[in-house]
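Only one chain is included here, represented as structure tokens and corresponding to the form predicted on its own.
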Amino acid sequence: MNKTSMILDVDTGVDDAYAVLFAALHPAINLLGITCVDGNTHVDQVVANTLKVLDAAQAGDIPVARGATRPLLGPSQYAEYVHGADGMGDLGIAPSTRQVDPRSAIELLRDLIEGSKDLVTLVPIAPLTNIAIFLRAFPETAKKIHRIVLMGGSTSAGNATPVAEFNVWHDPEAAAIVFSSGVPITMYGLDVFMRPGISSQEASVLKSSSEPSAQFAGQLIEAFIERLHISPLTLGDYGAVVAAIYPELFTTQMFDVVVDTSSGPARGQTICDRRDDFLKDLEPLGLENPAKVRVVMDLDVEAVRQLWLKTIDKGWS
């Protein structure tokens, strides 16, 4: 089986946990390392949460590095109202004894990309602060990135604001740098984010599994279904990881995209030019200096769900 060499950039949170579990367990992924960034919660808690998830996956020695402590501009805006004070539902999960890599996130990104014999796919499922700093700090290494498959943005409505998705809204300046970098980008955004989900019944089955990864996932899902009063619960960020290895399960379109970095009500919006060719010819004024971005617009929901379930719980049928 051909493997995709991958680096995750995370702000672990709950749905990041589903993505990290999958990436650590799926045989088609060579998980080179994980970088952590301020986002759902503060970066030190993100690091602690990520190590706990790797424990649940019984993963090998995957380097985890601490990254940016705040957005490029402005204050942090945490999502504790969703993820809990510790970012993992305040479930009291035991701390990990794994060691944090002594390098910074951008140093780890540099070393892993330079040291890989294969092309590397970056999968940021968090605010893009680390990735933006890396692209600016090490532009020659950045040329060796195969592509970026990110969770962020939207071609329609937002969640942090009426028009802005949380990861982009948390650090719009960083997102603008990444989108305009010239690295090929696939955007897995809010247009599809909520669709693959796990029910409370499925969570109960996972909890009763003999697999530690499934037990851990089932506990998280069940707790958040109770917390948010919603079932099924989205697998969220995981979608970006699977889009990187099974693109045939997704329908994408190329759009011109600009990130709004203004201070107005559209701050953090990913403005996508969705006009058809007729309208573009009729009204030729377009976006200024847009990025060409491949945007996920649809997916095989059941195939994506089942892939996650069978990877997390090897006994799932």
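Residue numbers here begin at 1 and follow the sequence given. Note that the coordinates shown come from a computational prediction; the quantities given were computed from them, not determined experimentally.
Another form, the form predicted in complex with ligand BDR, is not on view; read the next lines as being about it.
J.: Taking Ser154, Phe179 and Thr186 as the candidate spot, are all three within 4.5 angstroms of ligand BDR in the predicted bound form by heavy atoms?
T.: No: no residue has a heavy atom within 4.5 Å of the partner.
J.: Using heavy atoms and a 4.5 Å limit, would one call Asn40 a contact residue for ligand BDR in the predicted bound form?
T.: Residue-level check for Asn40: yes, a contact with ligand BDR.
J.: Report yes if any heavy atom of Leu109 sits within 4.5 Å of a heavy atom of ligand BDR in the predicted bound form; otherwise report no.
T.: Although ligand BDR is absent here, Leu109 would stay clear of it in the predicted bound form, with no heavy atoms inside 4.5 Å.
J.: Is Ile125 near ligand BDR? Define near as a heavy atom within 4.5 Å, in the predicted bound form.
T.: Flag for Ile125 set to yes.
J.: Is the gap between Phe193 and ligand BDR in the predicted bound form 4.5 Å or less for some heavy atom pair?
T.: Judged by the heavy-atom cut-off of 4.5 Å, Phe193 is in contact with ligand BDR in the predicted bound form.
J.: Choose from 100 to 108, 139 to 147, 220 to 228, 165 to 173 the stretch whose residues reach within 4.5 Å of ligand BDR in the predicted bound form, heavy atoms counted.
T.: Of the options given, it is 165 to 173.
J.: Quick one: which residues from 4 to 27 get a non-hydrogen atom within 4.5 Å of ligand BDR in the predicted bound form?
T.: Result: Asp11, Asp15, Asp16.
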